[in-house]
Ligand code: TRP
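Here you get one chain, nothing else, as structure tokens; it is the form predicted on its own.
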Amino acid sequence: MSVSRGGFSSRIGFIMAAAGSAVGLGNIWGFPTQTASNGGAAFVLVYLVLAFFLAYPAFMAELLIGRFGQANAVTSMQKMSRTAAQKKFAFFVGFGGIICAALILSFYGVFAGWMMSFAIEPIAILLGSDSAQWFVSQSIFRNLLFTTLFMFLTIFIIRSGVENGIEKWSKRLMPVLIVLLVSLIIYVVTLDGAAEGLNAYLNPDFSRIFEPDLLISAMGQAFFSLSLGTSVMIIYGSYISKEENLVTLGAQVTLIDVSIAFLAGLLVIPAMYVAQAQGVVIFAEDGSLISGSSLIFTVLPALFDSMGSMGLFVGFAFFILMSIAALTSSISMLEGPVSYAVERHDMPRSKATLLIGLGILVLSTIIVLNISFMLDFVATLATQYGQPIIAMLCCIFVGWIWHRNEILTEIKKGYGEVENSLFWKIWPIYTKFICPTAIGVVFIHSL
């Protein structure tokens, strides 16, 4: 590993950074919303199965590409290529992931800005400020202001590099996130109505687990929450020491990601039913979720308002939690494009970070100015189409282009006995045939 590139200084540093990338709004906002919209516990069950049997193998493929290449996504994949056609394919897949990461960050910044503004509202109320309502009201100026603040916070961290930026802040933010999440769960489950929410969340209706919409949503959630198809895990993999056991590391990050998503459901789903017990309308007559993606900004604030003065502190803690989750993901999304600019075009990191960050902010501004249709359009384009396609192509690359002996040699650097393990008996075939086929079938069906 080149010293100039930097790298993670410790195993825990990588785990916190990779888990931070995986644990974002997709887990704490997206997962509970998807769960509530797709049959509750049935969705949770399908998500858990797909996360370990489909997303984890694809996750390992991306980590291996990165650690072998020791470079950005494009360069890493081209190092495995032997022909001109393979190099072109490698560029398409690697650069496609970088574009996908930039698109995700462009709409992610808008959502994250909302989280920050909602976190400030309780403080404004406690201070007796007349501006409190402005922080939770939709307006172009508010959206632009907080999106810009969030993007510059992301730029600030990435400018400092891997060890002093990504790793340092991931180690600080992830423990705070987990403590806040667990504390809020303990409080919410003691409230009236929480038991009904826990029942809906933990008791699956097995008749729904093969519904096409549920399967598509669960696969999309698993891929989005693990940052697959965005070049993020390729570049993070390139910063891992050659002595580390990638099989164990990948499993640990997947387990943390799934656990945080599960905990988020334990918070948000019971909170919905607590709000319902206090008179807030959650579901329509046909059983569908009324608020959908706006759940966080409608149902939960109504619940916090009903708690009186305690609700101000709970609301503040919740939206700080959401802001931290957004930040741990956004720094990884920006690192992909920045690493490409630094390594392929010899740009200084500080300059590359600022220029790319500002470029993505321009796209975020366009989204804010056309929010009624562009927000959903960009989110759908990146997460439902871009990520599954790029992740599928990464699996094809590892399964059909990268030589099996080279893969085994790379894994053995940190796990000498891998050749005799269950992982090696299953994973190569799984990545070559099952992952691309399953992703392709579900994706085509979604069309």
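As the structure is a prediction and not an experimental result, all values here were calculated from the model. Quick note: we count residues from 1 along the sequence shown, nothing fancier.
The form predicted in complex with the named molecule exists for this protein as well; it is not shown, and the discussion that follows is about that form.
- Checked against the named molecule in the predicted bound form, the candidates S329, T154, S170, S339 yield a single residue with a heavy atom inside 4.5 Å, and that residue is S329.
- The closest non-hydrogen atom of Y108 lies within 4.5 Å of the named molecule in the predicted bound form.
- In the predicted bound form, the named molecule sits beyond 4.5 Å of every heavy atom of I439.
- By the criterion of a heavy atom within 4.5 Å, S225 is counted among the residues contacting the named molecule in the predicted bound form.
- Contact annotation for Q387: at least one heavy atom lies within 4.5 Å of the named molecule in the predicted bound form.
- Here the chain stands by itself, but in the predicted bound form one stretch of 125 to 133, 299 to 307, 217 to 225, 190 to 198, 217 to 225, has heavy atoms within 4.5 Å of the named molecule.
- Along 228 to 263, a non-hydrogen atom within 4.5 Å of the named molecule in the predicted bound form is carried by T230, V232, in order along the sequence.
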